[in-house]
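Take a look at the structure tokens below, where one protein chain is shown in two forms, each on its own, as structure 1 and structure 2.
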Structure 1
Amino acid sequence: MKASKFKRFMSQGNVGKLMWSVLALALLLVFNALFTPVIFNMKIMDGHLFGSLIDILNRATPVMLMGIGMTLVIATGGIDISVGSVSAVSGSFTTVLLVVYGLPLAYCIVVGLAVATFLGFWNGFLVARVGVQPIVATLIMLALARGIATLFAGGQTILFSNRAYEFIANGFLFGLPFPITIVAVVFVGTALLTRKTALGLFVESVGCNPVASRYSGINVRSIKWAVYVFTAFCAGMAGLINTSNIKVADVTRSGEGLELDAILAVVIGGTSLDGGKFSLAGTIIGALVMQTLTTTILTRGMPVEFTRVIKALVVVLIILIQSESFRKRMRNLVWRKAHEVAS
């Protein structure tokens, strides 16, 4: 079972794609091992694992969740830059309903997720039904959702103290932080949903050639629509982790800028921005790369403001690596050198 799965994994060309992200992660870890070995310290307290590595894993969870959805969106040839704001909406609704209106937690969470999912539904409507470019549709939502989140929270931060709600971000299950379990469930669920059914194939087909997909009888609109809904749902869950973590729902800033992290995670993970073939596992590793990078910057004692600039530079680096013409130029250079040596 495992062997055959592994074989299929290899044959689908995942290895080449995953190689880059694993390499990046390994490089970062080696760098840390040399300069900040503290990061590898780990200890068990009250049966819970603690340490920087666990911390990285834990902090990466919101981006992982957004990234899982984003992977599918990008695979259909789209993009969703509203995930950060949409996550703020679910955080805002859940917290306000819980704290201001005193409704039961489960109800609040369901409403928060439902509102976020509805925003994804709207994104999907604009992209799949109306035919607006994804970047524009979701850019509108980026501003709109932030406005909705802030207006609903009355424009102020909300303090809360609710053990059950805080458990989402701060609790432990199986000795690991609870968000890791959430990600594991969503990841396995999504992987099964895309690879054990034909959804994954349809998503890739739509991303690669929507017209031919339609002619082949695939419901292109529904597939496109669905991935935006799903991404918003994932972003909504990420929002719950974000807001329940800090005990303060500052929705005007919550999740800000995470869209870039999520996109980066996907792209580092080997899914091309042009759409087509995708790799969920790659995205998870990509998210780890992003968080390890952030943690490394912070443990090196650099100010937080640096992370933005460095992430921007990472994007540039990835653009270069993924660029066909850049690789061609490099290959030509190597080739010419080899020729010169030969002659």
Structure 2
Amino acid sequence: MKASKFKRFMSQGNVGKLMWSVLALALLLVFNALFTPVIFNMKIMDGHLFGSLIDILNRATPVMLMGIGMTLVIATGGIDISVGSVSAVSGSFTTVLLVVYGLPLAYCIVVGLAVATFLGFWNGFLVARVGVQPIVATLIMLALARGIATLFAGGQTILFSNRAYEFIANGFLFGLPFPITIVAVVFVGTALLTRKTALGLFVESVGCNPVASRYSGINVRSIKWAVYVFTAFCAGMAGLINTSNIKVADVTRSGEGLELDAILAVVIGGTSLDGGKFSLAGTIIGALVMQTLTTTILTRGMPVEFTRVIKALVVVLIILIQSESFRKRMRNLVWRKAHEVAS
């Protein structure tokens, strides 16, 4: 009876997939507790909390931000592989306007985010209005945005020293790194907007069946357009964090590969690439799984070259475990082997 109740609980929505993600994160933490306990060391200095766990949260923030937007895009049945380049655009525009033109920081940030958001507006136009396949439209933007960032910066790597700008990535609020506060605000705002209003249902409906959604009165084009705009805005904020963290606008490398990390965080968190039901909390956990794995690998002294390989293998394993069909096949295989041994 208890087993059947647990099975029903695990089969509700994305609960089962989310639980597997939580389990993966828990196993990584247990492994560190046994073999690398130093990762749990925490201390307070000048009213600020420091430690490896805080570093994991802090370093995962760009992927979390991109992942929040990417979750909604994937939920509509789309994909956005341009977010890494779009993040470079916001960093490039903000830094150039600040350093080269000497404009006020607030104005520079607004312009940087506005340009990044406009690139998302263009992605949404191509996908929702023109009918271009999402992967094609965002592949174009991946190259275009990187080119725009490079052109605006004159092909140069621009260094800066501005305490207010550096505060975005290196400042503290309520004893925690400021990027964590940014993610918390974006996450809570997005969760309230998608779970306390009909918007979330519209997004899931578009992802499940866009034709039926259109006939039921949902403006499918507007929903798709909006999620690409929002994703670009999130990528722009991630770009500000990346740039202010290293105190340099490196337009050729900034945000490189983060689009893949964001997509993997969404998938690990239980949101299906086929669209439909989504989990913002799952995406946050997925980003933490990936960053915890990276930190574990580096803490154990393994060469950094192995990071992507091991990360890919673990991600594949988690996705397989999340798959109900895969688990069913494994159960059938184990049952057959056990039956053969018994006979």
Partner chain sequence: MKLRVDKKYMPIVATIAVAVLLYCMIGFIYPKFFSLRVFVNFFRDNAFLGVIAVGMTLVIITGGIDLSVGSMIAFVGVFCAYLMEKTKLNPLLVFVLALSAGSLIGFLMGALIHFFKAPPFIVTLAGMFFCRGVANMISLESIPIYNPTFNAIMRFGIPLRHFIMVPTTVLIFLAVMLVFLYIAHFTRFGRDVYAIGGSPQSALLMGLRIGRTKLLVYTLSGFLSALGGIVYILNVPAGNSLAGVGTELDAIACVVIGGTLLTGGVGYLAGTFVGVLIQAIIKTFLTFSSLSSWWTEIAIGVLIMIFILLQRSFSQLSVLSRAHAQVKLRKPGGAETGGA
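Residue positions are counted from 1 along structure 1's sequence. Throughout, rigid core stands for the largest set of C-alpha atoms superposing within 1.5 Å between the two forms. Values in this document were obtained by computation on a predicted structure and should not be read as measured data.
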**Complete:** Block containing the form predicted alone is structure 2
**Request:** Answer yes if the Cα of residue 308 shifts by 2 angstroms or more between structure 1 and structure 2 on a rigid-core superposition, and no otherwise.
**Result:** yes
**Prompt:** By how many angstrom does residue 334 shift at its CA between structure 1 and structure 2 when the core is held fixed?
**Reply:** 3.6
